[in-house]
Ligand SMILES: Nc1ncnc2c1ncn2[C@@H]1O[C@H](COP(=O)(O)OP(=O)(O)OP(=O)(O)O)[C@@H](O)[C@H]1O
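First, one chain by itself: the form predicted alone, in C-alpha cells.
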C-alpha cells in the first residue's frame, strides 16, 4: 500500500451522535499494546489488557465493538480468550495477532474463536487501520441487521396481536348478541341461526329492506367454523351483469377492454370462507346459471379463461323479493332458488314485532349518544308510544335513522320527546291506514294510550283545530286538552 493510499484511511464511523467505536487489545507485551494504541487511538476508544483475564473484565464493563488478541499468551491463549469473549460479548468482531505460521492453531482460532481475520507480525500501521475499519464496518452492518430483525419481530408481534384483537372485535360486533329482539318472532330467527351456523349449509335470508339481513349473514359466518377465514359481500343489484360477473368470478388479462391484468373474483377471495350475495333476486338469467354451477360443482371460470378452478366457499344469499313468485313468473331459476334455499332465515318486519321497538330504540339512543357526545337519558312515555305505533316501512334502519336524527337535533334536551320526531313519526302527514291499529304485544295501558294518541292526531289532522277535533271525537274540548297533556302531546296540533 502506498503512502498516499494510507494517508487517506479514516476510522470507521459509528452512527450519528454515538461515541466512537470501542476496541479492546489484549497482549502480554506492553510495547505491542502501546504501538496499537497509538495506531488506533485517534479514531477509536482503545482499551488495553495484558492478559486474557484482564481482557474479560474489560469486556464485562465496557462497550466493545472489536477485540484484537495475541495468539500466544501465558495462562490463557488467544484462542481460549476469544472463545470466552464470545460468551461475554457475542456481537464483538474478533481479530488475532500472530507471529507464527502454525496453520493448525490458526484453523482452531478461526473455527472456535470465530475470528474475523488475523494480522501477521510484524504489521504495517496502515494495514492495521484498514483491517480494523473494514471489521468495524462489518460490525456496524451486523448490528443494524440485528436491530432491524428485532424491530421486524416486534412489528410482527404487534401486528399479530392487533389482528387477534381486530378479529375478536369483529366477532363481537357481529355476534348474535348484536342482533336485538325479544319477541317470539325473533326468538325463532335466533334458533334457526344458531343451528345453521354450525353447518356449511347454504342459507337464504329473506326480509324487507332495512330488517338487518347483512347483520344476520355476518353473525352466521362469525359463529361458525369458517370465522377465521374471509367474509366477503357483494350487492348483486349494485352492478350491471357484465361487471358483476367479473367481480364475482374474476377475469384474465385482455378478457375485455380495460382488463389490463388478471383479477381474482370474490369467490376466489372468499376461498374457505363465506361469500354473501345480497339482493340475489336482482340477478339476470345468465348470472343465475353461473351461480348455479358454483353451488352444484364448486367450480368457477374466470372471464377470458378456458379452464375452471375449484373453490370451497359457503354461500349466504339475501333478498327482499318474493323469489317463489319470481320462479312462478319465470324471472328466477327454480333450480337456483332451491339451491340457495337449503335453509331459509326470514326476518320479520318491525311492524310485526313491535315489542322489540323499545329495546331497539334505547340501543340506538345509546349508540347515537356515544357517537355525538350527547347524554340523552331516554324517551318520554308519549315518545315511546309514538315509536311503537309508527308503521316503520323502512324497518330497523328507519328506526335507527330516526333516533340518530333526534339526538343530532336534541340541543339542550335530556330526554327524547314526541316534538323531536320527524313529521312522519308524529303523524303530521296524514294517518296511515293502520295508524289506529292497537299493537297486540304492548301492555294494555300502553296500547290504550297509543290508540288515544293516534285517534287524537288523526282528528286534529282531519279538522285542523282542537275544538273541531274534540267534537269529532265526541268529548269536551277541556277533556281533550287534559288528555293531550297527560299523553305529552304537542299543543301545536
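Treat the numbers as computed from the prediction; the structure is a model and nothing was measured. Positions refer to the first chain, counted from 1.
Just so it is clear, the following notes concern the form predicted together with the ligand, a form of the same protein that is not shown.
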>> Exactly one residue in 209, 381, 284, 422 has a non-hydrogen atom within 4.5 Å of the ligand in the model of the complex; which is it?
In response: 209
>> By the heavy atom within 4.5 Å rule, which residue out of 192, 303, 239, 180 makes contact with the ligand in the model of the complex?
In response: 180
> Where, among 335-343, 213-221, 260-268, 150-158, do residues come within 4.5 Å of the ligand in the model of the complex by heavy atom distance?
Replying inline: 213-221
> Hey, in the model of the complex, does residue 481 get a heavy atom within 4.5 angstroms of the ligand?
Replying inline: no
> With a 4.5 Å heavy atom cut-off, would you call residue 231 a contact of the ligand in the model of the complex?
Replying inline: no
> Do residue 278 and the ligand come within 4.5 Å of each other in the model of the complex, heavy atoms counted?
Replying inline: yes
> Looking at the partner-bound form in the model of the complex, is residue 316 within 4.5 Å of the ligand by any heavy atom?
Replying inline: no
> Considering only 319-345, what residues come within 4.5 Å of the ligand in the model of the complex, judged by heavy atoms?
Replying inline: 320
>> Given that the shift is 3 Å or more, do the Cα atoms of residue 477 and residue 418 end up closer or farther apart in the model of the complex than in this form?
In response: farther
>> Just to spell it out: taking the C-alpha atom of residue 389 and the C-alpha atom of residue 477, is that distance smaller or larger in the model of the complex than in the structure shown here, given it changes by 3 Å or more?
In response: farther
